[in-house]
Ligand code: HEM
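Coming up is one lone chain in structure tokens, specifically the form predicted alone.
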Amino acid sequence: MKSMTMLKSRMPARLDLLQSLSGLLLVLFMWLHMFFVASILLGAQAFDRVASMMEGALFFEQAYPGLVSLVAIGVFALFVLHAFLAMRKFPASYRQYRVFHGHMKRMGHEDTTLWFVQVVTGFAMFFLGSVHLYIMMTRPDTIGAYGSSNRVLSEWMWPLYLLLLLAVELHGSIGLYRLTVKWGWFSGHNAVESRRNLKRAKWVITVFFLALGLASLAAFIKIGMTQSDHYGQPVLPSAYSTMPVRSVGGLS
């Protein structure tokens, strides 16, 4: 009986740890993903070469878009797990929301407001991110530089990607800040000063990745406006490259 009670009392802490680990993995993945996507700023050819590398061109004689689907499935599973764990702490009813919102306004506590922003952006990400990941899972052979640009512009996906970018970067940076505070990372000798510095770092990270994401989205729109006749075609390799060229595009 005692062991069952101890196991039950430890379960919330274990779930919190699992939530933190899954969130950290998703944040690191998103940062890496943003740098991969930002290769579009170097041109369509650079974007497709990064995609070919991610699709196994470094190890095989050709690129395999199906690898993108496998990665997307894994990320989606981690995404759902993290959302399920996080929902334990969301207001479960409108009444609970009103009580929390009233406390938040009266307290005027910045960290409480950041948590609320994280709840809102997390809710938005569950729908926006699911659409994006579904496309990655089901259309891995049509997500190259030209295909992605066509989808962003001609298929009117840019509003979704814009909202997803805002939600992801706010949610991720706030989540990472809350992780550092919760688990005492980089706490230093002065807790107040350390928290202040962590908040500054959080906003620097947010602004940086938002700027990078907006610039990348603008590059896709520009390609979509000027190169729509190339949709579905490969980007020709340069003379110095030995990496195989995938048939229709890259990663977005």
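Every value quoted in this text rests on a predicted model; they were computed, and no experiment measured them. In case it trips you up, residue 1 is the first one in the sequence shown, and so on.
Below, we refer to the form predicted together with the named molecule, which is not included among the displayed structures.
A heavy atom within 4.5 Å of the named molecule in the predicted bound form is found for one listed residue only; from Val68, Leu198, Ile223, Ala57, this is Val68. Partner contacts here mean any heavy atom within 4.5 Å of the named molecule in the predicted bound form, and among 177 to 185, 113 to 121, 80 to 88, 143 to 151 they occur only in 143 to 151. Although the partner is absent here, Ala44 sits far enough away that none of its heavy atoms falls within 4.5 Å of the named molecule in the predicted bound form. In the predicted bound form, the named molecule lies farther than 4.5 Å from every heavy atom of Leu170. Phe29 belongs to the set of residues with a heavy atom inside 4.5 Å of the named molecule in the predicted bound form. Proximity of Ser39 to the named molecule in the predicted bound form falls outside the 4.5 Å heavy atom cutoff. Within 4.5 angstroms of the named molecule in the predicted bound form, the stretch 164 to 179 places a non-hydrogen atom from each of Leu164, Leu165, Val168, taken in sequence order.
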